[in-house]
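One chain follows as C-alpha cells, the form predicted on its own.
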C-alpha cells in the first residue's frame, strides 16, 4: 500500500488558526515595544520583527501604528470593561461588595499585567498623538466612569453610601490606581517606594470603602 503523504494529511484548520492568532501576537509585540521605546520611537518594522512576521503581514491587519495601538486597547482593555458591566448587570448584593470586586478584577487583569502600561503611554504620547488619546477616552475612560458612576448611584439610592459628588468621587477612585501604574513605570526602577502591591491595594480599599459609607456603617 502506498504510504500516505504527510503533507496531504495536514489539517488546514491549523494553518487557519495560526493566521487568526496573528493579530493578538502583533498587539502583544506592539505593547512590549511601546513600553520599551515609547510610541513615537517604535516602528512597524520593529513590531513585525518582534512578532516574527513580515511587515507585509502586519499591514494585512493594521494600516498604521495608530490603528495598531487602538487594537491594543480593544483587545486588552475593552473585554475587562465588558466583564465589569456584566457584573454590574448581574449583581444583586450591596454596592460596596460590587465596587470591591470591580476594583480587584481591574487590578488582576490590568494593573498586574503589561496592560497597565497603556495609561502611562496615553499620558506621555497624547500631545503628539491626540487621536489615540481621544480614542482611549471614548472607549475606555468614558465607559469606566459610567460604570463607577452607576455603582456609586446604586449605593446612594440604597442608603449604603453617603451623598457624593459623583464626578469628583470617580476621579478620586481612579487616581490611586493610575498613580500606582505610573509609579511602576517611572520611580519604582529607581528604588522609590517600598510598600508591596498587596499592602497598597488593601489600604486603598479600606480607605475608599469606609470613606464612601454612610456615617456609622463601617467594615
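Positions refer to the first chain, counted from 1. Not measured: the values here are computed from a predicted model. Basically, rigid core = biggest C-alpha set you can superpose within 1.5 Å across the two forms.
Unshown form predicted in complex with a further copy of the same chain; subsequent notes refer to it.
Problem - 168, 207 and 211 all contacting a further copy of the same chain in the model of the complex, non-hydrogen atom within 4.5 Å - result: Yes, each of 168, 207 and 211 comes within 4.5 Å of a further copy of the same chain in the model of the complex.
Handout entry: Which of 24-32, 159-167, 43-51, 57-65 sits within 4.5 Å of a further copy of the same chain in the model of the complex, heavy atom basis
Key = That would be stretch 159-167.
Practice task
Would you please decide whether residue 130 lies within 4.5 angstroms of a further copy of the same chain in the model of the complex, comparing each non-hydrogen atom pair?
Solution key: Within the cut-off, so yes.
Practice task
Considering only heavy atoms, tell me if residue 153 and a further copy of the same chain come within 4.5 Å of each other in the model of the complex.
Solution key: Output for residue 153 is no: heavy atoms all beyond 4.5 Å of a further copy of the same chain.
Exercise for the section: Using the partner position in the model of the complex, report whether residue 120 sits within 4.5 Å of a further copy of the same chain, counting heavy atoms only. Expected result: Yes - in the model of the complex, heavy atoms of residue 120 and a further copy of the same chain come within 4.5 Å of each other.
Problem - a further copy of the same chain contact at residue 116 in the model of the complex, heavy atom, 4.5 Å - result: Residue 116 lies outside the contact set for a further copy of the same chain.
Exercise for the section: Go through 170-186 residue by residue and record those having a heavy atom within 4.5 Å of a further copy of the same chain in the model of the complex; state none if no residue qualifies. Expected result: Heavy-atom contacts within 4.5 Å come from 171, 172, 174, 175, 176, 178, 179, 182, 183, 185, 186.
Problem - Rigid core superposition, residue 168 Cα moves 2 angstroms or more between the shown form and the other one - result: Stays below the 2 Å threshold, so no.
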